[in-house]
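Heads up, the chain below is alone and in the form predicted alone; it's given as C-alpha cells.
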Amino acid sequence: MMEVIAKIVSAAMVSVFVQNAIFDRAFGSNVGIYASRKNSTVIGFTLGITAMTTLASIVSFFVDQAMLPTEFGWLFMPLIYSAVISVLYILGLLALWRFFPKIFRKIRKYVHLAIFNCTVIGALFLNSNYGSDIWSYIGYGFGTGIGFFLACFLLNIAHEKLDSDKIPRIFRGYPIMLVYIGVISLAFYALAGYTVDF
C-alpha cells in the first residue's frame, strides 16, 4: 500500500513542480489567465480541471493499454482522448443536472472552458509518454490539476500588482501576464535543474 501511495505522490509532485502545465508546458495559459481574475473562478476552474484530468487519466490508462501496442494506435490517440474527455464531460454535466441542479445552473456557462482545454488533453498525452502503471497515471492526472491551481494562484496574486498605473498602458492585462508567466517559467526551470547547452 505504501508503494502505491509513493507512486501516486511521486507522479503528482513531478507534474506539479517539474512539469507544471502552465509554467513548463504552457498548457492552458489562456484559461489560467482568465481563471485567475477572481478568487472564486480559480477554485472552480481548478476543481473542474483536477476532476477531469484525474478521471480521464484513469480511463486513458485502459485505452492506452489497448491501443498503443497496436501498429497504428498512436495515430488515433488524439481522437480517442477527445472522445474520452467528451464522454466524461457529458456524464458529469448530466450527474450535476440530476443531483445538484443549483451547482449546475452556476457553472453551465463556464464548465466547458475548464474541461476542453490544453491542460486536460495535454495531461493525457504526457501520461501516455511517462506513465507506467495506473497509479502513475492517477498521480500525474491529479498533480496536473494541482499544478494548474498553483499556477492560477500565483497569477491571481500578481493580477492586482500587474494591473497598476506603474505598468505602461500598452502592456496592461494579457501582455504583462504573459511576460509574468515567462519569468515564473524560468524560475520553475531553475527549480527542475535544467541546464542550457551552448
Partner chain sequence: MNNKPSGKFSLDGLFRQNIVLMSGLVTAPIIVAATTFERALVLTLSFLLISYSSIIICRFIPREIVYTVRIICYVGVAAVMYIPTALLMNALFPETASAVSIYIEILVVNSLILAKTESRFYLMSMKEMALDALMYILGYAIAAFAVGIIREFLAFGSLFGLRVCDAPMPAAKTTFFGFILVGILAAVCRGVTTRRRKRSESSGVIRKGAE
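As the structure is a computational prediction, the values presented were derived from the model and not from experiment. Numbering follows the first chain given and starts at 1.
There is another form of the same protein, the form predicted in complex with the partner chain; it is not shown, and what comes next is about it.
**Q** If the cut-off is 4.5 angstroms on heavy atoms, which of these, A26, V42, L154, V63, is the one near the partner chain in the predicted bound form?
**A** By the 4.5 Å criterion, the partner-contacting residue is A26.
**Q** Select, from the options 43 to 51, 27 to 35, 131 to 139, 145 to 153, the stretch whose residues sit within 4.5 angstroms of the partner chain in the predicted bound form by heavy atom distance.
**A** It is the stretch 27 to 35.
**Q** Any of the heavy atoms of F100 lying within 4.5 Å of the partner chain in the predicted bound form?
**A** Contact with the partner chain, no.
**Q** Using a 4.5 angstroms cut-off on non-hydrogen atoms, would V9 count as touching the partner chain in the predicted bound form?
**A** No, V9 is distant from the partner.
**Q** So, V14 and the partner chain: in the predicted bound form, are they within 4.5 Å at any heavy atom pair?
**A** It does not: once the partner chain is placed as it appears in the predicted bound form, V14 has no heavy atom within 4.5 Å of it.
**Q** With heavy atoms only and a cut-off of 4.5 Å, decide whether R172 touches the partner chain in the predicted bound form.
**A** R172: yes, in contact with the partner chain in the predicted bound form.
**Q** Using a 4.5 Å cut-off on heavy atoms, which residues of 84 to 120 contact the partner chain in the predicted bound form?
**A** In sequence order, S86, Y89, I90, L93, H112, F116, N117, C118 come within 4.5 Å of the partner.
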